[in-house]
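Next up: just one chain, as structure tokens, the form predicted alone.
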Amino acid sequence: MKILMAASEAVPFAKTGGLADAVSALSLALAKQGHEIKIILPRYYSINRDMLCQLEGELGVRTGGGEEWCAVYAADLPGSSKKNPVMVYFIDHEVFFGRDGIYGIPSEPDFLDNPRRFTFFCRAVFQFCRKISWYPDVLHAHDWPAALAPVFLKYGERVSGFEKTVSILTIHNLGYQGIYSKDNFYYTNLGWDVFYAAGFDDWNMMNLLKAGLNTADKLNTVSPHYAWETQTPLHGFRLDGVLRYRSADYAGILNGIDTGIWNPKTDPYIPQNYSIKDMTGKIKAKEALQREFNLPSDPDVPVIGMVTRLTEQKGVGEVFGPAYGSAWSICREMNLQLVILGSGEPWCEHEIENLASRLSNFKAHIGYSERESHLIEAGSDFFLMPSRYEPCGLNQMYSLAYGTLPIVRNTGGLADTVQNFDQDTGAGTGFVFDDLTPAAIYNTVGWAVWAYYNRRTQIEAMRITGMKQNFSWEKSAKKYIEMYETSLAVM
């Protein structure tokens, strides 16, 4: 199959979150199974043109504002094979994309012209294909910035080579929808009949993701449990009705992880590699982690790690909230060590620094370090993820691969990947709680610590069970192929 990935991010070129990892990893996995994959992205200011190859000639893109002109650049996706390389193409428009930031900057978190920027990008997708005379069997759009591509395909572009093309729209996080003033609709160059037929209308605003969800041939999100949750009012972000209406065309496919990078057998960031057959390296990693965060070196004290964005979605209020968060009581009343690596909301960074200054067994590094994130995954005994919602989540899968037991809330991809501990049988791969409250987090951490001291044999068995789990992208890619083939069969 010929598959075109339309997205706003893909590693290593542009990244703000897990979307970028997923687009590149899925593309590589599909290419390894013999499919012809191309990725198309905007060429942001941070992507050096000198490292790219420019295609000959300019590209004209018609919008409601007239005809815009841009250039197209190309590069191989790192990690792809020479036999079947994944090509990445970049739409270069200096006014729209030649600036700092992907969606915004600190002083302007959401660029005012984002609806026009990504309308132009989605229009350019089709002109690009015509330019190189390459027409995909599957147009796979990711999240709201690319959600207009399925709309354009259905309302006007399913001609001149695109007659048999099917569209897929993947939701990576339903909380971000691309909602803007409908005054921007003129720029799509679509009629107002399409505004209502495609479902753009959202309380007198224009909702780009909603239109894509109404229009794409097939929909999916990044875990089965999140697919169910998004069809409920609690997690549907006002689009649960649309997703229930499209339920026959909507599925959850769990993201994979890059086992070439996140693998204790080969990880260059940890002091000694290890595997199920020899776990000595995990003991060494714990020693290094305690030393890195200036904690007493004690192999018998459980270490709980966190690597997270300090945002409301991640449940940080219930852990670190002043006067009500559980971190203070956990560290004061339990014999453990807690380490955190992350950055985000200023109040939370400040409170974490305050706690670290007052608690001898709580240490934090504000910011992000690839090396330290690997060391935390390998050296911790438990990994805490108290997410408010989590479409898929990656860290719990990293943790399992490293024999670190996740402590997670029963939501989204966390529910799909972590099996709750049964202290009678010893089965399970982690510790799961339902309610997002400081008390629930405190009690579940306490349960894990109790098991560490009193059910050590079961804890060690759970580590091995976790490390045997298969979270490779190859497994996920096969399910995407099935979805593509089902869609093409009904064209």
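Position 1 is the first residue in the sequence shown; the rest follow in order. Because the structure is predicted, anything quoted here is derived from the model rather than measured.
This protein has a second form, the form predicted together with a small molecule, left out of what is shown; the following refers to that one.
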Exercise. According to a 4.5 angstroms non-hydrogen atom cut-off, is G379 in contact with the small molecule in the predicted complex?
Worked result: no
Exercise. Just to confirm, I270 within 4.5 Å of the small molecule in the predicted complex by heavy atoms?
Worked result: no
Problem set entry | Residue contact check: V307 to the small molecule in the predicted complex, 4.5 Å heavy atom | yes
For this session: May I ask you to state whether L394 is within 4.5 Å of the small molecule in the predicted complex, using heavy atom distances?
Result: yes
Exercise. Heavy atom within 4.5 Å of the small molecule in the predicted complex: which of N335, S373, Q419, N84?
Worked result: S373
Seminar exercise, completed: Residue within 4.5 Å of the small molecule in the predicted complex by heavy atom, from N361, T259, N354, S369, is S369
Exercise. Are all three residues P406, A448 and T465 in contact with the small molecule in the predicted complex, where contact means a non-hydrogen atom within 4.5 Å?
Worked result: no
Exercise. Thinking of the small molecule in the predicted complex, which stretch from 337-345, 187-195, 317-325, 108-116 has heavy atoms inside 4.5 Å of it?
Worked result: 337-345
